[in-house]
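Heads up, the chain below is alone and in the form predicted on its own; it's given as C-alpha coordinates.
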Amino acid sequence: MEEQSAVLLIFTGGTISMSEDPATGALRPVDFERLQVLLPELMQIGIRIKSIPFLPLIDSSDVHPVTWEKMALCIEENYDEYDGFVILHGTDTMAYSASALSFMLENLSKPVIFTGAQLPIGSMRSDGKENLLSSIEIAAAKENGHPIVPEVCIFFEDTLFRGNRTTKKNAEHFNAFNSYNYPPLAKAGVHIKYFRSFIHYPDPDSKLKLRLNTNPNIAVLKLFPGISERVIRSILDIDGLRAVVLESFGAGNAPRHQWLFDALKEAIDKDLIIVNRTQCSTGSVEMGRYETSLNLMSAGVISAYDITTEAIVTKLMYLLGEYETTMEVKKWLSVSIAGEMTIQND
(Lines give C-alpha, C1' and ligand atoms only; values in the text may rest on other atoms or scores of the structure.)
Protein backbone atom coordinates (compact mmCIF):
# COMPACT_ATOMS: atom_id res chain seq x y z
CA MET A 1 0.00 0.00 0.00
CA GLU A 2 1.36 3.42 -0.98
CA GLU A 3 2.33 5.65 1.92
CA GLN A 4 0.02 8.60 2.54
CA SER A 5 1.45 11.90 1.33
CA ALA A 6 2.05 14.66 3.86
CA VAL A 7 1.72 18.41 3.26
CA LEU A 8 2.59 21.25 5.62
CA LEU A 9 0.43 24.37 5.53
CA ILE A 10 2.28 27.53 6.51
CA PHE A 11 -0.13 30.31 7.49
CA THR A 12 1.53 33.69 7.00
CA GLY A 13 -1.61 35.83 6.74
CA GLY A 14 -3.60 37.52 4.01
CA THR A 15 -7.26 37.35 3.05
CA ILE A 16 -7.22 33.55 2.75
CA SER A 17 -6.29 33.29 6.44
CA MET A 18 -9.35 35.25 7.57
CA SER A 19 -13.01 34.45 8.25
CA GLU A 20 -15.99 36.43 9.46
CA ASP A 21 -16.81 36.28 13.15
CA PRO A 22 -20.40 34.96 13.28
CA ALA A 23 -21.24 37.32 16.13
CA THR A 24 -19.71 40.59 14.93
CA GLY A 25 -19.15 40.11 11.20
CA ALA A 26 -15.57 41.32 11.63
CA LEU A 27 -12.71 39.48 9.93
CA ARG A 28 -10.51 37.40 12.20
CA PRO A 29 -7.61 35.00 11.63
CA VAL A 30 -8.47 31.31 11.24
CA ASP A 31 -6.52 28.49 12.85
CA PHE A 32 -6.34 24.99 11.40
CA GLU A 33 -9.22 23.77 13.57
CA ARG A 34 -11.46 26.54 12.27
CA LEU A 35 -10.25 25.83 8.73
CA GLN A 36 -11.36 22.22 9.05
CA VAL A 37 -14.84 23.39 10.00
CA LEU A 38 -14.99 25.78 7.04
CA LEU A 39 -13.44 23.24 4.66
CA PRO A 40 -14.35 19.68 5.70
CA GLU A 41 -12.93 18.40 2.40
CA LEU A 42 -9.49 18.72 3.99
CA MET A 43 -10.18 15.53 5.93
CA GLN A 44 -11.45 13.67 2.87
CA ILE A 45 -8.62 14.08 0.35
CA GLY A 46 -6.39 11.32 1.72
CA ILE A 47 -3.44 13.58 2.46
CA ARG A 48 -1.94 14.06 5.91
CA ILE A 49 -2.03 17.78 6.62
CA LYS A 50 -0.48 19.75 9.42
CA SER A 51 -0.15 23.49 9.87
CA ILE A 52 2.21 26.08 11.29
CA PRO A 53 0.93 29.65 11.77
CA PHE A 54 3.06 32.76 11.82
CA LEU A 55 2.20 34.61 15.00
CA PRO A 56 1.09 37.25 14.58
CA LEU A 57 -0.20 36.80 11.05
CA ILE A 58 1.28 39.28 8.58
CA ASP A 59 -0.54 41.51 6.13
CA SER A 60 1.23 41.00 2.82
CA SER A 61 1.92 44.73 2.58
CA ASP A 62 4.16 44.32 5.63
CA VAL A 63 6.19 41.43 4.17
CA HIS A 64 9.94 41.99 4.52
CA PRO A 65 13.11 39.99 3.77
CA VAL A 66 12.99 38.78 7.38
CA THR A 67 9.59 37.22 6.55
CA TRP A 68 11.13 35.36 3.62
CA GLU A 69 13.91 34.10 5.86
CA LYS A 70 11.34 32.83 8.35
CA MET A 71 9.47 30.99 5.57
CA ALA A 72 12.67 29.41 4.25
CA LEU A 73 13.76 28.29 7.72
CA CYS A 74 10.32 26.79 8.37
CA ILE A 75 10.60 24.75 5.17
CA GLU A 76 14.14 23.61 5.98
CA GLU A 77 13.21 22.56 9.52
CA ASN A 78 10.32 20.43 8.24
CA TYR A 79 11.82 19.42 4.90
CA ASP A 80 12.30 15.71 5.60
CA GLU A 81 8.87 15.20 7.19
CA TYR A 82 6.69 16.45 4.34
CA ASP A 83 6.26 15.78 0.64
CA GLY A 84 5.32 19.36 -0.13
CA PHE A 85 4.51 22.75 1.35
CA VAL A 86 1.63 25.18 0.85
CA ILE A 87 2.13 28.77 1.96
CA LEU A 88 -1.02 30.82 2.59
CA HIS A 89 -0.10 34.38 1.77
CA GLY A 90 -1.69 37.73 0.96
CA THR A 91 -1.92 38.40 -2.75
CA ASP A 92 -0.39 41.89 -2.87
CA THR A 93 3.23 40.78 -2.42
CA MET A 94 2.88 37.07 -3.10
CA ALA A 95 4.92 37.28 -6.32
CA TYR A 96 7.77 38.96 -4.41
CA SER A 97 7.76 36.23 -1.74
CA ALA A 98 7.60 33.40 -4.28
CA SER A 99 10.45 34.96 -6.26
CA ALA A 100 12.56 35.44 -3.13
CA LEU A 101 12.11 31.84 -1.99
CA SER A 102 13.04 30.54 -5.44
CA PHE A 103 16.50 32.04 -4.85
CA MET A 104 16.75 31.23 -1.14
CA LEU A 105 15.87 27.52 -1.50
CA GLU A 106 18.80 26.27 -3.56
CA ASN A 107 18.48 22.70 -4.89
CA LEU A 108 14.81 22.54 -3.93
CA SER A 109 13.36 19.13 -4.82
CA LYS A 110 9.87 19.41 -3.32
CA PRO A 111 6.87 21.59 -4.20
CA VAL A 112 6.45 24.92 -2.41
CA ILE A 113 3.07 26.29 -3.50
CA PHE A 114 1.96 29.82 -2.64
CA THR A 115 -1.75 30.50 -2.73
CA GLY A 116 -4.25 32.98 -1.38
CA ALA A 117 -7.70 34.41 -2.00
CA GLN A 118 -9.53 37.51 -3.10
CA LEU A 119 -12.33 36.73 -0.63
CA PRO A 120 -11.89 35.40 2.96
CA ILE A 121 -12.09 31.61 3.14
CA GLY A 122 -15.15 31.84 5.38
CA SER A 123 -17.12 33.76 2.74
CA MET A 124 -19.74 31.87 0.76
CA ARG A 125 -18.16 32.61 -2.64
CA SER A 126 -14.56 32.50 -1.49
CA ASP A 127 -12.04 31.50 -4.14
CA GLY A 128 -9.78 30.41 -1.30
CA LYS A 129 -11.41 27.00 -0.96
CA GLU A 130 -10.56 25.74 -4.44
CA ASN A 131 -7.19 27.49 -4.38
CA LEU A 132 -6.23 25.76 -1.15
CA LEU A 133 -7.53 22.28 -2.03
CA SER A 134 -5.86 22.32 -5.46
CA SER A 135 -2.59 23.65 -3.99
CA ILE A 136 -2.54 20.82 -1.46
CA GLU A 137 -3.18 18.25 -4.18
CA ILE A 138 -0.35 19.69 -6.31
CA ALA A 139 2.03 19.82 -3.33
CA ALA A 140 1.35 16.14 -2.66
CA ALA A 141 1.40 14.98 -6.29
CA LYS A 142 4.02 12.38 -7.21
CA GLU A 143 4.89 10.25 -10.18
CA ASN A 144 7.06 7.17 -9.75
CA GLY A 145 7.78 8.30 -6.21
CA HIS A 146 9.05 11.75 -7.22
CA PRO A 147 7.28 15.12 -6.88
CA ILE A 148 5.69 16.29 -10.13
CA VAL A 149 6.38 19.98 -9.51
CA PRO A 150 9.54 20.43 -7.40
CA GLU A 151 9.51 24.23 -7.70
CA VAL A 152 8.39 27.36 -5.89
CA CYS A 153 5.05 28.12 -7.54
CA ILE A 154 1.93 30.23 -7.28
CA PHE A 155 -1.46 28.57 -7.74
CA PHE A 156 -4.44 30.82 -8.31
CA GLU A 157 -7.94 30.23 -9.71
CA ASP A 158 -7.13 27.28 -12.00
CA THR A 159 -3.50 27.80 -12.98
CA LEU A 160 -0.10 26.89 -11.57
CA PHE A 161 2.69 29.35 -12.40
CA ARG A 162 6.43 29.36 -11.75
CA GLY A 163 6.65 31.72 -8.79
CA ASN A 164 9.46 33.93 -10.06
CA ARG A 165 7.68 34.45 -13.39
CA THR A 166 4.44 35.66 -11.85
CA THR A 167 2.89 39.10 -11.36
CA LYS A 168 -0.35 40.18 -9.71
CA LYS A 169 -2.46 41.63 -12.50
CA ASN A 170 -5.90 42.18 -10.97
CA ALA A 171 -7.09 43.52 -7.61
CA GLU A 172 -10.70 42.41 -8.06
CA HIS A 173 -11.14 39.29 -10.18
CA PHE A 174 -10.34 35.73 -9.10
CA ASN A 175 -7.76 35.32 -11.87
CA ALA A 176 -5.47 37.68 -10.00
CA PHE A 177 -2.11 36.49 -11.37
CA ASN A 178 -0.41 35.89 -14.68
CA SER A 179 2.93 34.72 -16.01
CA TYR A 180 3.40 36.83 -19.12
CA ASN A 181 6.72 35.47 -20.35
CA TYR A 182 6.59 31.82 -19.31
CA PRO A 183 3.92 29.15 -19.87
CA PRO A 184 1.81 27.73 -17.00
CA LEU A 185 3.11 24.63 -15.25
CA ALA A 186 -0.35 23.13 -14.77
CA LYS A 187 -4.06 23.77 -15.33
CA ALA A 188 -6.77 22.53 -12.99
CA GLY A 189 -10.09 21.36 -14.41
CA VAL A 190 -11.80 18.06 -13.85
CA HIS A 191 -8.23 16.78 -13.63
CA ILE A 192 -4.99 18.64 -12.99
CA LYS A 193 -2.97 18.63 -16.21
CA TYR A 194 0.77 19.14 -15.76
CA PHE A 195 2.94 20.57 -18.52
CA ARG A 196 6.11 18.71 -17.66
CA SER A 197 8.30 20.19 -20.38
CA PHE A 198 8.08 23.57 -18.63
CA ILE A 199 8.79 22.25 -15.13
CA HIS A 200 12.34 22.31 -13.77
CA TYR A 201 13.58 19.03 -12.30
CA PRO A 202 16.63 19.28 -10.02
CA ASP A 203 19.60 16.96 -9.69
CA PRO A 204 18.21 14.22 -7.39
CA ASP A 205 21.56 13.99 -5.59
CA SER A 206 21.61 17.69 -4.64
CA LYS A 207 20.66 18.63 -1.10
CA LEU A 208 18.61 21.65 -0.08
CA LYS A 209 20.76 24.63 0.81
CA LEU A 210 19.46 27.86 2.25
CA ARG A 211 20.70 31.23 0.98
CA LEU A 212 19.35 33.64 3.56
CA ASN A 213 21.59 36.70 3.25
CA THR A 214 19.84 39.66 1.65
CA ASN A 215 20.69 43.30 1.09
CA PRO A 216 17.66 45.58 0.49
CA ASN A 217 19.69 48.65 -0.52
CA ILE A 218 18.20 48.90 -4.00
CA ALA A 219 15.77 51.25 -5.76
CA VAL A 220 13.33 51.03 -8.65
CA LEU A 221 13.51 53.98 -11.05
CA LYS A 222 10.66 54.17 -13.54
CA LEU A 223 11.25 56.38 -16.56
CA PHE A 224 8.50 58.60 -17.91
CA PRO A 225 8.37 61.31 -20.58
CA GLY A 226 9.69 64.52 -19.08
CA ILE A 227 11.58 62.94 -16.18
CA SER A 228 14.14 65.46 -14.93
CA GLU A 229 17.85 65.22 -14.34
CA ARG A 230 17.29 66.23 -10.73
CA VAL A 231 14.97 63.26 -10.10
CA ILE A 232 17.38 60.82 -11.75
CA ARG A 233 20.44 62.07 -9.87
CA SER A 234 18.61 62.27 -6.53
CA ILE A 235 17.93 58.53 -6.75
CA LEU A 236 21.34 57.54 -8.08
CA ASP A 237 23.00 59.55 -5.30
CA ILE A 238 21.17 57.86 -2.39
CA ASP A 239 23.69 57.10 0.32
CA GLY A 240 24.45 53.36 0.59
CA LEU A 241 22.52 52.43 -2.55
CA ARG A 242 23.96 49.32 -4.24
CA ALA A 243 21.68 48.71 -7.23
CA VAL A 244 18.92 50.30 -9.30
CA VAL A 245 16.24 48.64 -11.42
CA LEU A 246 15.76 51.04 -14.33
CA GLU A 247 12.29 50.49 -15.75
CA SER A 248 12.67 51.61 -19.35
CA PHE A 249 10.35 51.93 -22.33
CA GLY A 250 9.51 49.13 -24.76
CA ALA A 251 12.41 46.83 -25.56
CA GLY A 252 14.73 48.68 -23.16
CA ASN A 253 14.77 52.23 -24.49
CA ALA A 254 15.42 55.54 -22.75
CA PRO A 255 15.63 59.25 -23.69
CA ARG A 256 18.84 60.17 -25.53
CA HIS A 257 19.68 63.09 -23.24
CA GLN A 258 23.42 63.57 -22.72
CA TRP A 259 22.77 64.30 -19.05
CA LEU A 260 21.06 60.92 -18.62
CA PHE A 261 24.01 59.08 -20.12
CA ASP A 262 26.40 61.08 -17.93
CA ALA A 263 24.39 60.43 -14.76
CA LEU A 264 24.19 56.68 -15.40
CA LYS A 265 27.84 56.40 -16.42
CA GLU A 266 29.04 58.33 -13.35
CA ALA A 267 26.94 56.14 -11.04
CA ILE A 268 28.14 52.89 -12.64
CA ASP A 269 31.75 54.07 -12.48
CA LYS A 270 31.20 54.52 -8.72
CA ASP A 271 30.21 50.83 -8.48
CA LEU A 272 26.42 51.21 -8.62
CA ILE A 273 24.71 48.33 -10.44
CA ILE A 274 21.98 49.43 -12.87
CA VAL A 275 19.71 46.83 -14.47
CA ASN A 276 17.43 47.58 -17.43
CA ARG A 277 13.93 46.11 -17.09
CA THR A 278 11.12 46.91 -19.52
CA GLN A 279 7.92 48.53 -18.27
CA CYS A 280 5.95 46.18 -20.54
CA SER A 281 4.31 43.10 -19.04
CA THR A 282 5.16 40.93 -22.04
CA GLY A 283 8.42 40.78 -23.95
CA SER A 284 12.09 41.25 -23.27
CA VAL A 285 14.74 43.95 -23.09
CA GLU A 286 16.81 43.91 -26.28
CA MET A 287 19.51 46.48 -25.71
CA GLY A 288 20.99 47.71 -28.98
CA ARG A 289 17.93 46.89 -31.05
CA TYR A 290 17.01 50.57 -31.17
CA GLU A 291 19.30 53.59 -31.10
CA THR A 292 17.52 54.80 -27.95
CA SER A 293 19.03 51.93 -25.93
CA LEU A 294 22.62 52.37 -27.17
CA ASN A 295 23.35 55.03 -24.55
CA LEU A 296 22.32 52.62 -21.80
CA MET A 297 24.65 49.95 -23.18
CA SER A 298 27.51 52.43 -23.50
CA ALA A 299 27.01 53.57 -19.90
CA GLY A 300 27.29 49.98 -18.62
CA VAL A 301 23.63 49.24 -17.85
CA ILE A 302 22.88 45.48 -17.66
CA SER A 303 19.97 43.83 -19.48
CA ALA A 304 17.33 42.11 -17.34
CA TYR A 305 15.87 40.32 -20.40
CA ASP A 306 12.26 39.24 -19.68
CA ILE A 307 12.39 39.10 -15.89
CA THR A 308 9.54 40.49 -13.77
CA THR A 309 10.04 43.47 -11.48
CA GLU A 310 9.30 41.21 -8.50
CA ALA A 311 11.97 38.73 -9.53
CA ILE A 312 14.69 41.27 -10.34
CA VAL A 313 14.10 43.12 -7.05
CA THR A 314 14.41 39.93 -4.98
CA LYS A 315 17.25 38.56 -7.12
CA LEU A 316 19.26 41.73 -6.53
CA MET A 317 18.61 41.55 -2.78
CA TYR A 318 19.75 37.92 -2.80
CA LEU A 319 22.87 38.50 -4.91
CA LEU A 320 23.95 41.58 -2.96
CA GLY A 321 23.55 39.60 0.26
CA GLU A 322 25.43 36.54 -0.96
CA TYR A 323 28.31 38.03 -2.96
CA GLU A 324 30.79 40.65 -1.87
CA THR A 325 32.00 42.11 -5.15
CA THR A 326 30.07 44.02 -7.79
CA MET A 327 31.73 41.87 -10.45
CA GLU A 328 30.25 38.69 -8.95
CA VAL A 329 26.79 40.22 -8.69
CA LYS A 330 26.91 41.39 -12.31
CA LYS A 331 27.99 37.93 -13.45
CA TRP A 332 24.99 36.25 -11.80
CA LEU A 333 22.59 38.92 -13.06
CA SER A 334 23.25 37.59 -16.55
CA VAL A 335 22.52 33.99 -15.51
CA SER A 336 19.09 32.43 -14.99
CA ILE A 337 19.54 31.02 -11.48
CA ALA A 338 16.07 29.59 -10.85
CA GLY A 339 14.36 29.82 -14.23
CA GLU A 340 13.48 33.47 -13.62
CA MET A 341 14.34 34.74 -17.11
CA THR A 342 15.00 33.67 -20.67
CA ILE A 343 18.49 34.56 -21.85
CA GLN A 344 18.59 35.63 -25.46
CA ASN A 345 21.69 35.03 -27.52
CA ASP A 346 22.44 38.31 -29.23
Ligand code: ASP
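The shown structure was predicted, so the numbers you read here are calculated from the model rather than taken from an experiment. Note that residue numbering begins at 1 and tracks the sequence as displayed.
This protein has a second form, the form predicted together with the ligand, left out of what is shown; the following refers to that one.
Give a yes or no on whether every one of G252, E286 and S293 sits within 4.5 angstroms of the ligand in the predicted complex by heavy atom.
Not a single residue of the candidate spot has a heavy atom within 4.5 Å of the ligand in the predicted complex.
If we define contact as a non-hydrogen atom of the residue within 4.5 angstroms of the partner, is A117 a contact of the ligand in the predicted complex?
Yes, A117 sits close enough to the ligand in the predicted complex that at least one of its heavy atoms falls within 4.5 Å.
Using heavy atoms and a 4.5 Å limit, would one call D59 a contact residue for the ligand in the predicted complex?
So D59 counts as contacting the ligand.
Any chance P147 has a heavy atom within 4.5 Å of the ligand in the predicted complex?
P147: no contact with the ligand in the predicted complex.
Is there a heavy atom of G90 lying 4.5 Å or less from a heavy atom of the ligand in the predicted complex?
Yes, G90 lies within 4.5 Å of the ligand in the predicted complex.
Can you pick the stretch from 45-53, 274-282, 59-67, 293-301 whose heavy atoms fall within 4.5 Å of the ligand in the predicted complex?
Going by heavy atoms within 4.5 Å, the stretch is 59-67.
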